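Single chain ahead, by itself, as structure tokens, in the form predicted on its own.
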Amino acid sequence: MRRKGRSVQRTATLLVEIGTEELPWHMIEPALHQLGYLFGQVLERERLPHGEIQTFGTPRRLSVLVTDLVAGQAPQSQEVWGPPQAVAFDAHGHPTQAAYGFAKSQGVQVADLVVRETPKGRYVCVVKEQPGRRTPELMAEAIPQVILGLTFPKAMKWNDTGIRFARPIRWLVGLYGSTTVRFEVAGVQSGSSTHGHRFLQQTTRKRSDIIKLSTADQYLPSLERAGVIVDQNRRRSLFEAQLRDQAKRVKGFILATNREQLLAQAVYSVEYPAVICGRFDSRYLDLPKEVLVTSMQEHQGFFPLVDRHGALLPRFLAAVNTKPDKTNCIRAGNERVLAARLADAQYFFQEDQKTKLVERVPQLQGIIFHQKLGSLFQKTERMVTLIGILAEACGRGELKETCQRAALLSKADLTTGMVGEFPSLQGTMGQIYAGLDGESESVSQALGEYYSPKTPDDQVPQTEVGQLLALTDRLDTLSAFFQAGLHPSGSEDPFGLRRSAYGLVRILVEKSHLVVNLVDLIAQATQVLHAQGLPPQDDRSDSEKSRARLLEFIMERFRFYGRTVHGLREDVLEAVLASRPAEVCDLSDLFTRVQALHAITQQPDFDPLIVGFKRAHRLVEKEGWMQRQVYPEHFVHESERNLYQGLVAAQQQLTQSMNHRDYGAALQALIKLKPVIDAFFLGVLVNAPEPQLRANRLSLLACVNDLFGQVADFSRIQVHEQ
């Protein structure tokens, strides 16, 4: 149509729906992010202007709506360039073989060639008019590629096509406005029909959940009438309102722990959001709170309720996939399942207490840590030895006995019935049982926190014994697997070694009072491992190379932590790490240096200072200058004397500041050298014709290079030289 003399291209809404068997809740949201991103790429590539791209997901469907999508591509002119005019035509303007060959390659006549002026001169080209294709035609080709481009943590095959997807695809919808977009994926043909709620369908056809869509814009309201609220954000809002209302009715509050994860699980587990309130026998409140919460949250996806003091109530809230008036049977079923779980937990709790943790340690001989690395009992023995070494190395000798007691008991709870039933409670049950056994509070608390941090956002252990135990456990694991040649390769990390190394880095950096030399500790851990004859000689990697590989593996996690958590510059990280002596690796000290250097790079004098330093560095490096002796009596210019005096003063301040790990002050001492370095290069010719002057000036610059190198390798710092 035309409006006020201008052509306005028709637009419509595009709908694509992938109907599946029930998807795992945790796979849906990542898939929706991919779906939106991939469709955005397709529309940009195909030159199709559009409005908003919305993605929706339920357990039975992944869908995308694109509003105001144009009906087709605009025509496009394409210039294909050929040889220069002087090559394509002779002096008389007649076409040469080059012109005929180019025209033939492009499927045109020589007469169709045109000559255009370019910055490089006059060239021959062919102008091709490409008519725009219609949107349904383009989408029919693109949609299968998008669907097959989705990735999942686990995928499956279900028919002879061999296509893999999270769950079997059962139906496909493709609509552009009222036009059906025809395509096929995994043997399933697209159409204009979707499916409503399995048992809340409210149409006259009681035996069928099939919904025929006339247009893409009917999608959301039609499905809502059929009992499916497609928009996950609306389901979330409805859930939140119902959770608040149900909790208020029983004068309770939803436990904050894992609330957001439970809510996400609820949102992506149902198509019609509703909440029920159930109860359990109050006698189970005698169980540890952690056991009750785990039973409700991890195994059932229930929301525990607490009173205003934080004490658990014998109530829970649960998400259901139906209307509230149809939930009595579901409520009763959930209560029966939870009661059975809690009865098991109560039994395990009572039975576990009949054997103390210390008496369980020998049972670890029957649990394999790894076939090449012995049993958990052997790992425990290593940890007892290694934590003693670590406590001494950190200057915490007074904690050695407590640390070794904690290490001895650290894996004992893995033999309990409670942890066997609820594996996520390892460590937690160790703390509870240690307290009941009469162990010291320091030991008990360390057992409860040494698995932390479990995630990048989890806090590190807060007690010193817990920190030392956490470090010992990770250091032993990393050393053992690297010595056995079982280090990660590519993206594969079946033993979670990257997570272990990242946790080790966080503890050492965030608890800066733990000053340790990782080079020595890795060597000590290796000796303890080899003293047990592990790994066997046939399975053992070259020890020295494995230790070096492990240290670099940890340093890579250090770099990742600095970049992602603290936003530190890559060149700043490398500058500090490159200056680290090979025999020393103190992560706390290195991180303090990196932070100080990163902060100083923001100062306006820093980049000009580095320009001057790099000039000095390049001269010393180019000449391979090794002499450091400077002779003041050979100075002939005031700038030489000023630089020499500045170096003496800076060295004194630098030494004092670095002894106190005050790297900010050390760097300020270097900043003060900028004027005298600049004046030196302006005042004298370094490569003077007189050998004596040249040697003295190169020695001065070598001293500048050495002074800066005491803090970091500044040659790695990136600046914009002017």
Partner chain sequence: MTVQDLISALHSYWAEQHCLLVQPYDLEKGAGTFNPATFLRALGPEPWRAAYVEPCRRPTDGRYGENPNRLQHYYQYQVVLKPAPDTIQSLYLDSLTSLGIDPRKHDIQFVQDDWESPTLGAWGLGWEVRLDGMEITQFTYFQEAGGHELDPITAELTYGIERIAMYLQEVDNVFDLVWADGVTYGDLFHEAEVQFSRYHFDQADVEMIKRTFEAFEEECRRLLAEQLVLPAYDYCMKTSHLFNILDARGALSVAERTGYIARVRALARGCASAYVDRRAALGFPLLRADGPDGRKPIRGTTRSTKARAIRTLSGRHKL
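Just so you know, these numbers come straight off a predicted model, no measurement behind them. Heads up, when I say rigid core I mean the largest set of C-alphas that superpose within 1.5 Å between the two forms. Residue numbers count along the first chain shown, from 1.
Below: the form predicted together with its partner chain, not depicted.
In the predicted bound form, its partner chain sits within 4.5 Å of a heavy atom belonging to M156.
In the predicted bound form, at least one heavy atom of V337 sits within 4.5 Å of a heavy atom of its partner chain.
In the predicted bound form, its partner chain lies within 4.5 Å of some heavy atom of I330. With a 4.5 Å cutoff on heavy atoms, Y631 does not count as touching its partner chain in the predicted bound form; it lies far away. Contact annotation: its partner chain lies within 4.5 Å of heavy atoms from the stretch 363-371 in the predicted bound form, the single such stretch among 363-371, 136-144, 597-605, 469-477. Only one of H26, H50, K672, R47 comes within 4.5 Å of its partner chain in the predicted bound form through a heavy atom, and that residue is H26. Scanning H299, R559, R549, R569 against its partner chain in the predicted bound form with a 4.5 Å heavy atom cut-off leaves one residue, H299.
Taking a 4.5 Å heavy atom cutoff to its partner chain in the predicted bound form, the one contacting residue in 421-448 is E421.
After superposition on the rigid core, the Cα atom of F165 is displaced by 2 Å or more between the shown form and the other one. The Cα shift for P153 between the shown form and the other one, taken after rigid core superposition, is 2 angstroms or larger.
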